[in-house]
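A single chain comes next, written as C-alpha coordinates; it is the form predicted alone.
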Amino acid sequence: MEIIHISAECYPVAKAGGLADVVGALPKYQCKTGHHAKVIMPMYETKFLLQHEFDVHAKGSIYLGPTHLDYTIIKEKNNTLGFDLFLVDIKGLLDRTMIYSHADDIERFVAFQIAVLDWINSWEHVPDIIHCHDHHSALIPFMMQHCYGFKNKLAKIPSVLTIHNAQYQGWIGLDKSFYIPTYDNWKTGLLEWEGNINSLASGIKCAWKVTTVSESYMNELKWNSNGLEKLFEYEKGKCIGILNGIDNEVWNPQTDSFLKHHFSSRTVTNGKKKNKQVLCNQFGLDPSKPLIVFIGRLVGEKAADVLPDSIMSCLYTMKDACSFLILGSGESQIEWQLQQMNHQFGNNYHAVIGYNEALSHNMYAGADFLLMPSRVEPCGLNQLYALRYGTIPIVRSTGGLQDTVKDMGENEGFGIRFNNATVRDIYYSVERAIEMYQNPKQISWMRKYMMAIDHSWESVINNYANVYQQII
(Lines give C-alpha, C1' and ligand atoms only; values in the text may rest on other atoms or scores of the structure.)
Protein backbone atom coordinates (compact mmCIF):
# COMPACT_ATOMS: atom_id res chain seq x y z
CA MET A 1 0.00 0.00 0.00
CA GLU A 2 1.03 3.63 -0.46
CA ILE A 3 1.52 5.35 2.90
CA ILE A 4 2.12 9.09 3.19
CA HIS A 5 3.80 10.21 6.43
CA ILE A 6 3.43 13.93 7.18
CA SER A 7 5.69 15.32 9.89
CA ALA A 8 7.61 18.39 11.06
CA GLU A 9 10.73 16.28 11.72
CA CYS A 10 12.59 13.35 10.22
CA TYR A 11 16.07 12.11 11.13
CA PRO A 12 18.60 12.86 9.71
CA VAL A 13 16.97 15.68 7.75
CA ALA A 14 15.91 17.73 10.77
CA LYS A 15 15.66 16.61 14.38
CA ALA A 16 14.51 18.17 17.64
CA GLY A 17 13.47 14.99 19.46
CA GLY A 18 12.24 11.41 19.25
CA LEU A 19 9.61 12.29 16.63
CA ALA A 20 12.40 12.62 14.08
CA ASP A 21 13.84 9.20 14.93
CA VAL A 22 10.46 7.51 14.43
CA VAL A 23 9.65 9.25 11.15
CA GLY A 24 13.16 8.51 9.89
CA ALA A 25 12.82 4.78 10.59
CA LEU A 26 9.17 3.67 10.38
CA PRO A 27 8.75 4.39 6.62
CA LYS A 28 12.11 2.78 5.84
CA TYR A 29 11.05 -0.49 7.40
CA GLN A 30 7.60 -0.25 5.83
CA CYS A 31 9.32 -0.05 2.45
CA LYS A 32 11.41 -3.08 3.34
CA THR A 33 8.24 -5.09 3.90
CA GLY A 34 6.92 -4.21 0.45
CA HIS A 35 4.87 -1.07 1.08
CA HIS A 36 5.51 2.25 -0.67
CA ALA A 37 6.04 4.73 2.18
CA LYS A 38 6.82 8.39 1.62
CA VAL A 39 7.62 11.29 3.94
CA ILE A 40 6.50 14.88 3.38
CA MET A 41 8.00 17.53 5.67
CA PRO A 42 8.95 21.23 5.62
CA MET A 43 12.13 22.29 3.86
CA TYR A 44 14.43 23.69 6.53
CA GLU A 45 17.91 25.01 5.78
CA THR A 46 19.83 22.11 7.33
CA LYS A 47 23.08 20.31 6.53
CA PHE A 48 21.09 17.49 4.97
CA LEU A 49 19.53 19.88 2.47
CA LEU A 50 22.92 21.24 1.45
CA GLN A 51 24.66 17.86 1.28
CA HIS A 52 22.09 15.99 -0.85
CA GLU A 53 20.68 16.36 -4.33
CA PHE A 54 17.06 17.33 -4.91
CA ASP A 55 14.81 17.70 -7.95
CA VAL A 56 11.92 20.12 -8.21
CA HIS A 57 8.90 17.81 -8.21
CA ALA A 58 5.94 20.21 -8.22
CA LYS A 59 4.95 23.83 -7.78
CA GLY A 60 1.70 25.37 -6.62
CA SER A 61 0.10 28.21 -4.71
CA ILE A 62 -2.23 28.44 -1.72
CA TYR A 63 -3.93 31.02 0.44
CA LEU A 64 -3.28 31.39 4.15
CA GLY A 65 -6.31 33.52 4.89
CA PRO A 66 -5.95 36.48 2.50
CA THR A 67 -2.22 35.89 1.98
CA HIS A 68 -1.18 34.29 -1.30
CA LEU A 69 1.79 31.91 -0.97
CA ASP A 70 3.74 29.98 -3.57
CA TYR A 71 5.15 26.60 -2.65
CA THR A 72 7.64 24.22 -4.24
CA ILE A 73 7.88 20.46 -3.63
CA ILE A 74 11.39 19.07 -3.96
CA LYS A 75 12.30 15.37 -3.91
CA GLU A 76 15.54 13.82 -2.72
CA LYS A 77 17.04 12.21 -5.81
CA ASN A 78 18.89 9.16 -4.55
CA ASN A 79 16.51 7.57 -2.04
CA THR A 80 19.25 7.93 0.56
CA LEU A 81 16.96 7.22 3.51
CA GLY A 82 15.31 4.13 2.04
CA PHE A 83 12.05 5.92 1.19
CA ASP A 84 10.86 8.82 -0.95
CA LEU A 85 11.50 12.13 0.81
CA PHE A 86 9.61 15.26 -0.25
CA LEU A 87 10.27 18.72 1.20
CA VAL A 88 7.81 21.61 1.06
CA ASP A 89 9.45 24.98 0.45
CA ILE A 90 7.51 28.16 1.23
CA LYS A 91 9.86 31.09 0.98
CA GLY A 92 10.04 33.17 4.12
CA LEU A 93 8.10 30.66 6.23
CA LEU A 94 9.66 27.20 6.19
CA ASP A 95 13.18 27.89 4.92
CA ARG A 96 14.82 28.43 8.32
CA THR A 97 17.59 26.70 10.24
CA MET A 98 15.50 26.16 13.39
CA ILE A 99 12.49 23.83 13.30
CA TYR A 100 10.44 25.48 16.05
CA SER A 101 10.28 28.47 18.44
CA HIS A 102 9.46 31.14 15.91
CA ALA A 103 6.82 33.78 16.61
CA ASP A 104 4.98 32.72 13.45
CA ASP A 105 4.98 28.95 14.03
CA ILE A 106 1.17 28.90 13.70
CA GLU A 107 1.38 30.39 10.23
CA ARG A 108 4.31 28.19 9.26
CA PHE A 109 2.71 24.86 10.08
CA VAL A 110 -0.83 25.70 8.95
CA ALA A 111 0.59 26.83 5.59
CA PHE A 112 2.67 23.63 5.43
CA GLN A 113 -0.42 21.45 5.94
CA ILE A 114 -2.47 23.34 3.36
CA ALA A 115 0.36 23.05 0.81
CA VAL A 116 0.66 19.30 1.42
CA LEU A 117 -3.04 18.74 0.80
CA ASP A 118 -3.10 21.08 -2.20
CA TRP A 119 -0.32 19.02 -3.76
CA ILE A 120 -1.87 15.61 -2.94
CA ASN A 121 -5.18 16.92 -4.28
CA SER A 122 -3.50 17.45 -7.66
CA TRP A 123 -2.37 13.82 -8.00
CA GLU A 124 -4.06 11.62 -10.56
CA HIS A 125 -4.43 8.91 -7.91
CA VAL A 126 -4.97 8.92 -4.15
CA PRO A 127 -2.75 7.17 -1.58
CA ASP A 128 -4.01 4.33 0.59
CA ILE A 129 -3.17 5.96 3.94
CA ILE A 130 -2.39 9.47 5.21
CA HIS A 131 -0.36 9.11 8.42
CA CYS A 132 -0.01 12.35 10.41
CA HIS A 133 2.46 12.87 13.26
CA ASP A 134 1.78 15.22 16.20
CA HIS A 135 -0.02 18.55 16.12
CA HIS A 136 2.04 20.03 13.27
CA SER A 137 0.05 17.87 10.83
CA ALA A 138 -3.06 17.17 12.93
CA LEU A 139 -5.36 19.61 11.09
CA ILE A 140 -5.01 17.50 7.96
CA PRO A 141 -7.74 14.93 8.82
CA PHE A 142 -10.22 17.79 9.34
CA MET A 143 -9.23 19.59 6.14
CA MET A 144 -9.40 16.38 4.10
CA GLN A 145 -12.98 15.75 5.21
CA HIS A 146 -14.49 19.21 5.57
CA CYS A 147 -12.65 21.85 3.52
CA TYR A 148 -14.54 22.35 0.27
CA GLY A 149 -11.38 22.44 -1.86
CA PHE A 150 -10.21 19.01 -0.65
CA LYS A 151 -13.11 16.86 0.50
CA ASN A 152 -14.43 15.75 -2.89
CA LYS A 153 -11.22 13.85 -3.59
CA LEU A 154 -9.57 13.30 -0.19
CA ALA A 155 -12.39 12.70 2.31
CA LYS A 156 -12.43 8.94 1.80
CA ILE A 157 -8.68 8.43 2.29
CA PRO A 158 -8.15 6.73 5.68
CA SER A 159 -6.12 8.84 8.10
CA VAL A 160 -4.03 7.91 11.13
CA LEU A 161 -2.73 10.34 13.76
CA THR A 162 0.22 9.26 15.88
CA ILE A 163 0.72 11.27 19.07
CA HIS A 164 4.36 11.37 20.11
CA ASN A 165 3.76 13.97 22.85
CA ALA A 166 0.31 15.24 23.86
CA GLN A 167 1.68 18.11 25.94
CA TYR A 168 2.14 20.15 22.75
CA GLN A 169 -1.18 20.64 20.99
CA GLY A 170 -0.88 23.42 18.40
CA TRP A 171 -3.26 25.95 19.94
CA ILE A 172 -4.58 28.60 17.54
CA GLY A 173 -6.77 31.53 18.55
CA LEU A 174 -10.23 31.60 17.01
CA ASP A 175 -9.32 34.98 15.52
CA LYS A 176 -7.05 33.05 13.14
CA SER A 177 -9.63 30.49 12.05
CA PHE A 178 -9.70 32.20 8.64
CA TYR A 179 -6.27 30.62 7.96
CA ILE A 180 -8.02 27.29 7.37
CA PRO A 181 -9.43 26.88 3.85
CA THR A 182 -13.20 27.42 3.51
CA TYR A 183 -15.29 24.85 5.36
CA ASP A 184 -18.84 24.44 6.62
CA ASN A 185 -19.09 26.56 9.79
CA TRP A 186 -21.32 23.88 11.32
CA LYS A 187 -18.13 21.75 11.56
CA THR A 188 -16.26 24.30 13.70
CA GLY A 189 -16.75 22.11 16.76
CA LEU A 190 -14.37 19.58 15.23
CA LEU A 191 -11.63 22.22 15.39
CA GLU A 192 -12.30 23.70 18.82
CA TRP A 193 -11.40 22.66 22.32
CA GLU A 194 -11.96 24.93 25.32
CA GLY A 195 -12.33 28.14 23.36
CA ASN A 196 -9.48 27.74 20.87
CA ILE A 197 -8.68 25.83 17.75
CA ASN A 198 -6.69 22.91 19.07
CA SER A 199 -4.84 21.12 16.28
CA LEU A 200 -4.19 17.94 18.26
CA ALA A 201 -7.77 17.74 19.55
CA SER A 202 -9.06 18.19 16.00
CA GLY A 203 -6.82 15.38 14.80
CA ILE A 204 -8.08 13.08 17.55
CA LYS A 205 -11.68 13.83 16.60
CA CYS A 206 -11.24 13.53 12.84
CA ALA A 207 -8.55 10.88 12.23
CA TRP A 208 -9.87 7.39 11.53
CA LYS A 209 -7.41 5.88 14.02
CA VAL A 210 -5.26 7.44 16.74
CA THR A 211 -2.09 5.80 17.98
CA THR A 212 0.40 6.68 20.69
CA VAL A 213 3.89 5.39 21.11
CA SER A 214 3.32 3.01 24.02
CA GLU A 215 0.39 1.26 25.68
CA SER A 216 1.02 2.81 29.10
CA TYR A 217 1.13 6.31 27.62
CA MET A 218 -2.24 5.77 25.93
CA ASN A 219 -3.70 4.85 29.32
CA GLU A 220 -2.04 7.84 31.00
CA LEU A 221 -3.57 10.26 28.51
CA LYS A 222 -7.01 9.57 29.95
CA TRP A 223 -5.94 11.29 33.20
CA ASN A 224 -2.91 13.39 32.20
CA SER A 225 -2.98 14.97 28.74
CA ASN A 226 -2.78 18.71 29.32
CA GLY A 227 -6.53 19.29 29.15
CA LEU A 228 -7.56 16.59 26.67
CA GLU A 229 -8.37 13.90 29.24
CA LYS A 230 -12.13 13.82 28.52
CA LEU A 231 -11.51 13.69 24.78
CA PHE A 232 -9.21 10.68 25.09
CA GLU A 233 -11.77 8.91 27.24
CA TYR A 234 -14.52 9.69 24.73
CA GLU A 235 -12.48 8.58 21.70
CA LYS A 236 -10.85 5.56 23.35
CA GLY A 237 -12.56 3.18 20.93
CA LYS A 238 -10.31 4.27 18.05
CA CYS A 239 -7.13 4.73 20.11
CA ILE A 240 -4.32 2.19 20.39
CA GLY A 241 -0.81 2.21 21.86
CA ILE A 242 2.01 0.86 19.70
CA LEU A 243 5.47 0.83 21.24
CA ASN A 244 8.13 2.48 19.10
CA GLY A 245 10.96 0.49 17.64
CA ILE A 246 14.54 1.58 17.04
CA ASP A 247 16.59 1.42 13.88
CA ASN A 248 19.01 -1.43 14.49
CA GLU A 249 21.05 -0.41 11.46
CA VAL A 250 21.80 2.97 13.03
CA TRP A 251 21.95 1.79 16.65
CA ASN A 252 24.25 -1.21 16.49
CA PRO A 253 27.33 -1.38 18.74
CA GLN A 254 28.95 -3.84 16.32
CA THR A 255 28.96 -1.39 13.41
CA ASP A 256 28.29 2.08 14.87
CA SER A 257 30.55 4.48 12.93
CA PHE A 258 30.69 6.88 15.90
CA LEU A 259 32.43 4.31 18.12
CA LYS A 260 36.15 3.64 18.35
CA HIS A 261 35.59 0.18 19.81
CA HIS A 262 32.81 -2.08 18.53
CA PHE A 263 31.33 -4.91 20.57
CA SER A 264 28.58 -7.52 20.66
CA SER A 265 26.71 -9.15 23.52
CA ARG A 266 29.50 -11.75 23.61
CA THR A 267 32.23 -9.10 24.01
CA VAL A 268 30.18 -6.50 25.87
CA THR A 269 32.25 -6.42 29.07
CA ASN A 270 35.53 -5.64 27.34
CA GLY A 271 33.88 -3.49 24.67
CA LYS A 272 32.14 -1.22 27.15
CA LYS A 273 35.31 -0.96 29.22
CA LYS A 274 37.25 0.36 26.22
CA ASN A 275 34.53 2.83 25.23
CA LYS A 276 34.23 4.00 28.82
CA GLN A 277 37.96 4.67 28.92
CA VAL A 278 37.70 6.84 25.79
CA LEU A 279 34.74 8.76 27.25
CA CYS A 280 36.38 9.29 30.65
CA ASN A 281 39.64 10.43 29.08
CA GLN A 282 37.72 12.97 27.02
CA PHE A 283 36.03 14.55 30.05
CA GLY A 284 38.52 13.93 32.84
CA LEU A 285 36.41 11.33 34.66
CA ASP A 286 37.63 8.34 36.66
CA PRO A 287 36.91 5.12 34.67
CA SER A 288 37.13 2.95 37.78
CA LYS A 289 33.83 4.34 39.10
CA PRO A 290 30.35 3.55 37.81
CA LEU A 291 29.46 6.13 35.17
CA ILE A 292 25.87 7.43 35.12
CA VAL A 293 24.77 9.53 32.15
CA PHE A 294 21.80 11.71 31.25
CA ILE A 295 21.06 12.43 27.59
CA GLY A 296 18.14 14.63 26.62
CA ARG A 297 16.33 17.93 26.71
CA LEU A 298 16.88 19.97 29.86
CA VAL A 299 13.22 20.72 30.53
CA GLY A 300 10.72 20.03 33.29
CA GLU A 301 9.05 17.29 31.27
CA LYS A 302 12.28 15.31 31.52
CA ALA A 303 12.61 16.26 35.22
CA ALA A 304 15.88 18.00 34.35
CA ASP A 305 15.07 20.66 36.96
CA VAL A 306 15.78 18.11 39.73
CA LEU A 307 19.04 16.94 38.17
CA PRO A 308 21.38 19.52 39.76
CA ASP A 309 20.18 18.90 43.32
CA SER A 310 19.99 15.14 42.79
CA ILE A 311 23.53 14.91 41.43
CA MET A 312 24.94 17.20 44.12
CA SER A 313 23.18 15.14 46.79
CA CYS A 314 24.76 11.96 45.42
CA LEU A 315 28.25 13.39 44.99
CA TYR A 316 28.37 15.15 48.38
CA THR A 317 26.95 12.22 50.35
CA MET A 318 28.42 9.27 48.48
CA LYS A 319 31.84 10.87 48.22
CA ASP A 320 33.73 9.27 45.31
CA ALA A 321 31.32 6.40 44.68
CA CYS A 322 30.28 7.32 41.11
CA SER A 323 30.61 9.78 38.21
CA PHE A 324 28.01 11.69 36.18
CA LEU A 325 28.14 12.86 32.57
CA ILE A 326 25.32 15.07 31.20
CA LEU A 327 24.48 15.91 27.58
CA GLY A 328 21.57 18.17 26.71
CA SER A 329 20.15 21.61 26.17
CA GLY A 330 16.96 23.38 27.13
CA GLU A 331 15.97 25.83 29.83
CA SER A 332 18.69 28.39 30.44
CA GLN A 333 18.51 28.19 34.25
CA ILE A 334 19.03 24.42 34.23
CA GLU A 335 21.86 24.74 31.70
CA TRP A 336 23.55 27.34 33.91
CA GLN A 337 23.24 25.22 37.06
CA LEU A 338 24.68 22.14 35.38
CA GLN A 339 27.54 24.11 33.83
CA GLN A 340 28.43 25.69 37.18
CA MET A 341 28.83 22.23 38.66
CA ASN A 342 31.67 21.51 36.20
CA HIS A 343 33.94 23.47 38.55
CA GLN A 344 32.86 21.76 41.76
CA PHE A 345 33.33 18.04 41.45
CA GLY A 346 36.67 17.34 39.80
CA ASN A 347 36.81 13.95 38.11
CA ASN A 348 33.29 12.95 39.23
CA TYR A 349 31.16 15.15 36.99
CA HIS A 350 30.94 16.89 33.62
CA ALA A 351 28.09 18.53 31.69
CA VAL A 352 28.08 19.22 27.95
CA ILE A 353 25.41 21.71 26.92
CA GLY A 354 24.12 21.23 23.39
CA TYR A 355 23.16 18.50 20.95
CA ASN A 356 25.86 16.11 19.75
CA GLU A 357 24.81 12.94 17.93
CA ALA A 358 28.31 11.41 17.96
CA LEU A 359 28.79 12.02 21.67
CA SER A 360 25.40 10.52 22.48
CA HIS A 361 26.35 7.26 20.73
CA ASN A 362 29.63 7.16 22.65
CA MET A 363 27.81 7.78 25.92
CA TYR A 364 25.43 4.88 25.33
CA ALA A 365 28.42 2.68 24.52
CA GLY A 366 30.65 3.77 27.40
CA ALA A 367 28.26 4.41 30.27
CA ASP A 368 27.31 1.90 32.92
CA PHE A 369 23.90 3.45 33.67
CA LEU A 370 21.45 5.80 31.92
CA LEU A 371 19.32 8.04 34.13
CA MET A 372 15.81 8.99 32.88
CA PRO A 373 13.71 10.58 35.67
CA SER A 374 11.08 11.85 33.20
CA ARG A 375 7.78 13.24 34.42
CA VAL A 376 6.33 12.52 30.96
CA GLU A 377 7.81 9.93 28.59
CA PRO A 378 5.34 8.76 25.92
CA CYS A 379 7.68 6.02 24.72
CA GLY A 380 11.26 6.99 25.30
CA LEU A 381 13.90 5.96 22.82
CA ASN A 382 16.93 6.64 24.98
CA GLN A 383 16.30 3.65 27.21
CA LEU A 384 15.91 1.45 24.10
CA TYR A 385 19.24 2.68 22.76
CA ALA A 386 20.77 2.02 26.18
CA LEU A 387 19.46 -1.56 26.21
CA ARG A 388 20.94 -2.11 22.75
CA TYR A 389 24.34 -0.93 24.00
CA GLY A 390 24.29 -2.84 27.29
CA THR A 391 23.77 0.26 29.45
CA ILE A 392 21.51 -0.33 32.43
CA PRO A 393 18.55 2.11 32.57
CA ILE A 394 17.53 3.92 35.75
CA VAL A 395 14.04 5.19 34.96
CA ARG A 396 10.89 6.59 36.49
CA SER A 397 7.85 4.31 36.15
CA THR A 398 5.89 6.21 33.52
CA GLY A 399 4.75 5.76 29.91
CA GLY A 400 7.05 3.74 27.72
CA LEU A 401 9.71 3.53 30.42
CA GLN A 402 7.32 1.40 32.43
CA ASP A 403 6.63 -0.79 29.39
CA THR A 404 10.26 -1.42 28.47
CA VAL A 405 12.29 -1.59 31.71
CA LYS A 406 11.84 -4.35 34.26
CA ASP A 407 13.18 -3.60 37.74
CA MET A 408 16.06 -5.71 38.99
CA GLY A 409 13.96 -6.72 41.99
CA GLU A 410 11.59 -8.65 39.72
CA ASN A 411 12.22 -12.03 38.14
CA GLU A 412 14.71 -11.54 35.28
CA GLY A 413 14.77 -7.80 36.00
CA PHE A 414 17.42 -5.83 34.13
CA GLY A 415 17.05 -2.21 35.22
CA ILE A 416 16.13 0.14 38.05
CA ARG A 417 12.72 1.82 38.30
CA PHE A 418 11.45 4.42 40.75
CA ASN A 419 8.11 6.17 41.27
CA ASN A 420 8.68 9.89 41.73
CA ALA A 421 10.77 12.53 39.98
CA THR A 422 12.32 13.69 43.23
CA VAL A 423 15.82 14.06 44.65
CA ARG A 424 15.03 11.35 47.20
CA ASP A 425 13.92 8.73 44.65
CA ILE A 426 16.82 9.48 42.31
CA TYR A 427 19.31 9.30 45.21
CA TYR A 428 17.93 5.94 46.33
CA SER A 429 18.07 4.60 42.76
CA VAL A 430 21.68 5.71 42.32
CA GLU A 431 22.49 3.92 45.58
CA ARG A 432 20.98 0.74 44.14
CA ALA A 433 23.02 1.18 40.96
CA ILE A 434 26.28 1.60 42.89
CA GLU A 435 25.52 -1.49 44.94
CA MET A 436 24.76 -3.44 41.76
CA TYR A 437 28.05 -2.27 40.23
CA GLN A 438 29.92 -4.18 42.92
CA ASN A 439 28.55 -7.43 41.49
CA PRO A 440 30.27 -7.98 38.09
CA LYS A 441 28.41 -11.24 37.45
CA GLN A 442 25.03 -9.55 37.83
CA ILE A 443 26.11 -6.64 35.62
CA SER A 444 27.40 -9.03 32.95
CA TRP A 445 24.15 -11.04 32.95
CA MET A 446 22.04 -7.89 32.70
CA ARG A 447 24.04 -6.49 29.80
CA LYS A 448 23.77 -9.67 27.77
CA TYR A 449 20.09 -10.07 28.59
CA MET A 450 19.26 -6.48 27.63
CA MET A 451 21.14 -6.63 24.36
CA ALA A 452 19.17 -9.72 23.33
CA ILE A 453 15.78 -7.95 23.70
CA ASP A 454 14.31 -7.18 20.29
CA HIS A 455 13.05 -3.59 20.09
CA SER A 456 13.68 -3.32 16.36
CA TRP A 457 11.21 -1.78 13.95
CA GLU A 458 10.89 -5.21 12.32
CA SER A 459 9.32 -6.47 15.54
CA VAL A 460 6.54 -3.82 15.58
CA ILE A 461 5.98 -2.92 11.93
CA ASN A 462 3.05 -5.35 11.58
CA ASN A 463 1.19 -3.51 14.34
CA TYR A 464 0.93 -0.46 12.09
CA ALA A 465 -0.01 -2.61 9.10
CA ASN A 466 -2.86 -4.07 11.14
CA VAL A 467 -4.13 -0.58 12.02
CA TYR A 468 -4.05 0.42 8.36
CA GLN A 469 -5.88 -2.75 7.28
CA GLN A 470 -8.61 -2.19 9.86
CA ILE A 471 -9.52 1.23 8.48
CA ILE A 472 -9.00 0.38 4.81
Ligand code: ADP
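Because the structure is predicted, anything quoted here is derived from the model rather than measured. So that there is no doubt, residue numbering starts at 1 and follows the sequence shown.
Unshown form predicted together with adenosine-5'-diphosphate (ADP); subsequent notes refer to it.
Of the stretches 108-116, 92-100, 352-360, 220-228, only 352-360 has residues with a heavy atom within 4.5 Å of adenosine-5'-diphosphate (ADP) in the predicted bound form.
Contact between residue 24 and adenosine-5'-diphosphate (ADP) in the predicted bound form is not found at the 4.5 Å heavy atom cutoff. Not displayed here, adenosine-5'-diphosphate (ADP) is approached by residue 302 to within 4.5 Å at the level of heavy atoms in the predicted bound form. Not displayed here, adenosine-5'-diphosphate (ADP) is kept clear of residue 12 by more than 4.5 Å at the level of heavy atoms in the predicted bound form. Taking the partner from elsewhere, residue 297 is found to have a heavy atom lying within 4.5 Å of adenosine-5'-diphosphate (ADP) in the predicted bound form. Between the options 71, 385, 263, 369, the residue in contact with adenosine-5'-diphosphate (ADP) in the predicted bound form by a heavy atom within 4.5 angstroms is 385. With the partner removed from view, the residue among 86, 251, 150, 345 that has a non-hydrogen atom within 4.5 Å of adenosine-5'-diphosphate (ADP) in the predicted bound form turns out to be 251. Every residue in the set 17, 328 and 381 has a non-hydrogen atom no more than 4.5 Å from adenosine-5'-diphosphate (ADP) in the predicted bound form.
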